[in-house]
Structure formats: structure tokens, C-alpha cells
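First, one chain by itself: the form predicted alone, in C-alpha cells.
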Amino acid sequence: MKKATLLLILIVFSIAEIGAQNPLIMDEFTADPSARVFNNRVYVYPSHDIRLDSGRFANWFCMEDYHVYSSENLTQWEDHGVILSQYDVPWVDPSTYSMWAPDCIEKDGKYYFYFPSTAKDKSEGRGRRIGVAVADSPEGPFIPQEKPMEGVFGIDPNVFIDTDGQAYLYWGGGETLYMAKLKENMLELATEPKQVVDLPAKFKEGPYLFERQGKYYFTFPHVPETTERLVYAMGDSPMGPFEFKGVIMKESPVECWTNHHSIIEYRDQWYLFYHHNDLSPDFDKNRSIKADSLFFNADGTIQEVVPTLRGVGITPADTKIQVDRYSESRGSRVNYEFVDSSDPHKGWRIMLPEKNNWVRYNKVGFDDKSFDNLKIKAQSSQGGQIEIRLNGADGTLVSEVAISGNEGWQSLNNGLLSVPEGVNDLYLVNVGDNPVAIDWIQFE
């Protein structure tokens, strides 16, 4: 992509809203999510996976720019467009496609965006460097510094500001993770890099530190065998020492080699942001960011998070509700598959193959609006019947839908038998004798 095009993207602010559950972003590959709460809104700064078919980085991790996404309800995400690219940073070698995992933090009304890449100038040492770009708003535009940070070699920068205003930088990759204090200007180290010790052996990267109730949680991806899991240690200071505690999220069952994360509290709930290759099952270097709720035990330790497709947030009833991201199901053969295997970005469909099979989709918000119609995209080659119910497979009946025998997808309009109010769980129940596939439903 040429520099002029990128500048145009920076100027033309993208106002398209992306309605999603998990993955959060469906039209791009995104990874390494750094989530932050700015101005009572969640901003996510991921890396942007692309795939090169030729050259020295073919079929490897390739990133050339960064987007930022934001949301108030964690269900509808706004893409603010490209905020920085490798073609706009003076010190970066743009042939390396190495704009890997970033982070962003606010101090005194300025937003500091930290990112790794490969430098053109190798005179200070080889390997990845970490740079900083600065903006007056969380959406940018971010203006990069002319040179990378002095004395910082590595990847995956993370910044934490303690209650006393002192800022800390964490980074790493390989067998060792590092930390140091930052100067007031947020652009230079105030102390020499120090190794984080007493962590599990083998490969580690992606450090992320947060504080809760006076305890500091040092979290990071770790490879015990061949695939990354998310783990953590705890301490009484941002500089440790940290005591290793255990696992936040286990290794991917389909062996997506990497995972990378951030953890935030938003409106009295904690969330884990992470990535997986849901939209690229055959190529684990094209990842997609996700989020699930995170909970703590009474002693402050973290409960293991199990990844879901449902994700988090209250889904507005008047958006397309992707019921394939169900919260619960009944029926041993209930499953989901890609709507179009040649284009995974179109998402999944839910399969209800037998009578009395159902799926539950939780937390749909009706906002006391007046709804009188249900739209549904469904398919049943032999003809099928489903019911939409509230808060139970035998709960209040909202709509009865008859699907004619047809190999193709049908977009149906159906009246409502009752009008939901407030926040409800939806149950989609197969009440016919034939298999039914459903892509989405929407109230209007």
C-alpha cells in the first residue's frame, strides 16, 4: 500500500460501525489486542495481520500498519482507520512488515502509542526496536518520533502508570522479559532495563501489567511445549518481585501457535482481550481479536477463562444477532460451520439438526423499543420450523417461523406474538422434524 493511500485513510475518518460478538472484528485480521479505557469508552489497539504470498516473509507474521477500534457497549465496534503505518515512521525498515504488538496509554492529555519494528540503522544493534508515536486523542493522528527508544531492544511493549504517576515499560520476547521505569516525558528510560525473574522457563513474550486492590499482576504468553498459553504472576510492586501463580487461558485446542492479550476493568467488570485464528483455521498467522469476561477468586487469584464465540456485552435487538455465537446448546449434534468456506469473514451459521435442539443467545437488549417484526436468515432443504422464545426453551413464545424446503438461504419476515422488553436471553428451538440452519436474526 502506498504512502499517499495511507495518508488518505488517515484523513478520511471511518465511521462504519462493526457489529460483532467474537471475533470482535470481522472484516480484517487483527491480533495482539491492547485494550484501554479512555473517556469512558473502550479502545483496542491491535496489530493488523496480512499475508504475503511471495518474498522472504511469505506465509509468516506480517504487519504493516495499525488501526484503532472503540466501543461503548463492547458489542458494536467503530473502526477509526489506520493510525500509523510502517511507511510513515522515519526509522522503520518498511520491507520487514514487523509492526507487531503495540500498546497505548494516556498521560496529561497526551496519548503515547508504543510499537515494535525493525530499524533501518543497525549501528546500535540488530533486532527489533521499540518506538513511540504521540497524539492529542485516542483516535490519533499519531506522530512518530524520529528515532526508536534508546536502549530498548525487543518486542511487545506494555506501559503501566501507577497511582503515584510513575510510568513503567515492560517488553521482551524469547526467554527473557524486561522492565524499567520511564522518564516524565514517556519517551526515555529512567532506569536500566531489569530482567523479570522467577518466571517459567522457555519462550515468553507479550507482557502486560495491571493493578487490582493493591496487587500487581504480571501477565504474559508462555510456551510450555509448542503452543502459547496465557499465564500470570503477582507482586506488591510494579517492579516485582513476582510470584508465579498459574494459567489465565490454556493453549488453543487447534494449536493456534500464539496468543496475546490485555486485561481491563470497565464498568465494574473485568475483561480479557486476546486473539485466535477463528477466521483463518488453516493459517494461524492471520488472527482475530476476541474478548471474554474475567473473574477473580476471593484470594485475588484469577479464574481460568474459557474462550467463547459469544463474547461479551449486551447485543442490541435491532442489530443482526449472530446466533451462531450461542451461549449454550442442547443436542449432541448442534454445531456451527462457515456460511461460505471460501470467505470466512462472512462468519458462521448454526446447525439445529434434530427436533427439540436449541441454542441460547444471552443478553439481548430491547431498550423498551416497540418491535413488531422479526427478520431471520435461515435454510432448510426439506422445510423446517423454529420457535423464538425468551429466557428458556419453554419460555415466552416470541415468534414461530416456518422455513420452506429450499437449498438456498431465505431471508424471512415474521410477526411477533409477544414484544420483549429489557434484557433477555433468546432461545432458538427446532420444533420440526428436519434440520435447520440459521445465520442471524434481527428485530425491527
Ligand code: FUB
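Note that residue numbering follows the sequence shown and begins at 1. All figures in this text were calculated on a predicted structure; none of them were measured in a lab.
Not pictured, yet referred to below: the form predicted in complex with this ligand.
> Give me the residue from M249, V196, I155, A135 that has a heavy atom within 4.5 Å of this ligand in the model of the complex.
Contact residue from the list: I155.
> Find the only residue in N259, T315, Q322, S288 having a heavy atom within 4.5 Å of this ligand in the model of the complex.
None of the other options qualify; the answer is N259.
> For this ligand, considered in the model of the complex: do all three of Y361, R389 and F443 come within 4.5 Å of it, counting heavy atoms only?
None of them does, since no heavy atom lies within 4.5 Å of the partner.
> Choose one stretch from 117-125, 211-219, 145-153, 251-259: the one whose residues place a heavy atom within 4.5 angstroms of this ligand in the model of the complex.
Going through the listed ranges, the match is 251-259.
> Can any non-hydrogen atom of E205 be found within 4.5 angstroms of this ligand in the model of the complex?
Result yes; E205 sits at the interface with this ligand in the model of the complex.
> Give a yes or no for F61: in the model of the complex, does one of its heavy atoms lie within 4.5 Å of a heavy atom belonging to this ligand?
F61: yes, in contact with this ligand in the model of the complex.
> Quick one: is W100 in contact with this ligand in the model of the complex, heavy atoms, 4.5 Å cut-off?
Close contact exists here: in the model of the complex, W100 approaches this ligand to within 4.5 Å, heavy atoms only.
> Although the partner isn't part of this model, could you tell me whether R129 comes within 4.5 Å of this ligand in the model of the complex, counting any heavy atom of the residue?
No, no contact at 4.5 Å.
> Even though the chain is shown alone, can you say which residues of 294-325 have a heavy atom within 4.5 Å of this ligand in the model of the complex?
Contacts from 294-325: none.
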